[in-house]
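A single chain, nothing else alongside it, follows as structure tokens in the form predicted on its own.
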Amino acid sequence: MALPKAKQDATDARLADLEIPVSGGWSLAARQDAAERLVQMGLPQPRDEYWRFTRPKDLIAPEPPAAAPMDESDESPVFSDKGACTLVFRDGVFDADASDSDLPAGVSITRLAVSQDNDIDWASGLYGKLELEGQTPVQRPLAALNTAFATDGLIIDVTDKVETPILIRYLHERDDSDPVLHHLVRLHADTELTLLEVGAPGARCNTVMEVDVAEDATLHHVRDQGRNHDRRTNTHAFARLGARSTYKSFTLSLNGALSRNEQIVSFTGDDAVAHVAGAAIGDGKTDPVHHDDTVFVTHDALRCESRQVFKKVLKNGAVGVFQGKILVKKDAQKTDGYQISQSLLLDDDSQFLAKPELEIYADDVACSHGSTTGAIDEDALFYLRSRGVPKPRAEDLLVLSFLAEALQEIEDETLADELNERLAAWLGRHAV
């Protein structure tokens, strides 16, 4: 069936100057398949059901809108004191000189861009596979675009319980950079890894991470997307969970002209756990801010637990979006699914748009969802002020208290504490 004209024109314009960046190697077939699927489905348009709240124009334009790099020299890089093994991408290009060359025991890492002639059977079986599975029942054309045209990324193979975190640090230095990065992460049975991501990969970025967590394995994923006002960010994380495995992912986002983060989680083994959480602060005083979290969790195994916890603080016309779904299939009995999305609006100009969904076909489950929007509690504010706390400081304390539930989803308290301290310092400087 022919695509609508607007969708066809947008797709043709975006693909006109794109070429699959490899001519052979193990990822070529998956890339060609993704490119064909993208042509068939077309790029997203505002009338698409899952894009009704977020205009995709800046994410699908042939050229990225200019985004000036942000001077963050007034503070040390996040997680710089955690002893992590650091790998650096500068505007989407791997920087070997700035990266650590010695990897911790229990993990091997290679780059997507230089691995095509290597024999990596597991990577060829994973690249694009979870992305393809995640296209049903909701089409995700920007993820297909990534699979087809990603220029680099990391291939991370975890074979033991790795004590040292892996830190992917993104540096944005050019105002027209447009990186497309694709990461693969495999955790063997009974292994564990903490994976950190920090910064904005570019002026506009499209990143995909495909994560395969085998039985009894655990991945802790913590991401700080930085506070660049002009960035346009589109991310997808596809996670497949084996029996008794654990996947915990948290994202912190401050401002940003347009941020859309998608998490697609699939339970394929019994007794697994997935917690997906996020905290966002948007202040549109100087630049528009639009932040979108879209989550789809599929329960297809027994006795699995999922949690979605998302909090947004919005001011000066900032817009927050949450679209979250829990799908429980017929045989996924004893499912425990929880979803909460909440916004704190600090003025009347901002808005929060929520679309929470439950679709349940099993009859022995405990699932719930809720979404609320409100202002700062005037009684709590009065209490703090009556005890000598200045109003700006009192409001900051209430904002931090509101975000606390999302931050508590981070397993490592030292990571959560550092992000909380960063938030407190940022709030103090910018008087949100």
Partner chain sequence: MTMLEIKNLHVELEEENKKILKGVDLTVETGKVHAIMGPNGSGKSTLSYVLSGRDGYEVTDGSATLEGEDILDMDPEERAAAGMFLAFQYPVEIPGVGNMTFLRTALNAQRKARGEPEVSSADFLKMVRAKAKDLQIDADMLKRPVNVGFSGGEKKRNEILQMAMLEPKMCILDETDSGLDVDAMKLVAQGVNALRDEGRAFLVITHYQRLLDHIQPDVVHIMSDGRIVKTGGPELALEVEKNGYGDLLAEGA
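Residue numbers count along the first chain shown, from 1. Remember, predicted model here, so these are calculated numbers, not experimental data.
Another form exists, predicted in complex with its partner chain; not displayed. Remarks below refer to it.
Although the partner is absent here, residue 70 is not a contact residue: none of its heavy atoms lies within 4.5 angstroms of its partner chain in the predicted bound form.
Taking the partner from the other structure, its partner chain in the predicted bound form has no heavy atom within 4.5 Å of any heavy atom of residue 369. Heavy atoms of residue 40 never reach within 4.5 Å of its partner chain in the predicted bound form, leaving it off the interface. In the predicted bound form, its partner chain sits within 4.5 Å of a heavy atom of residue 401.
Interface residue among 35, 61, 376, 397 relative to its partner chain in the predicted bound form, by the heavy atom within 4.5 Å criterion: 397. Only one segment in the set 361-369, 22-30, 381-389, 51-59 has residues whose heavy atoms sit within 4.5 Å of its partner chain in the predicted bound form; it is 381-389.
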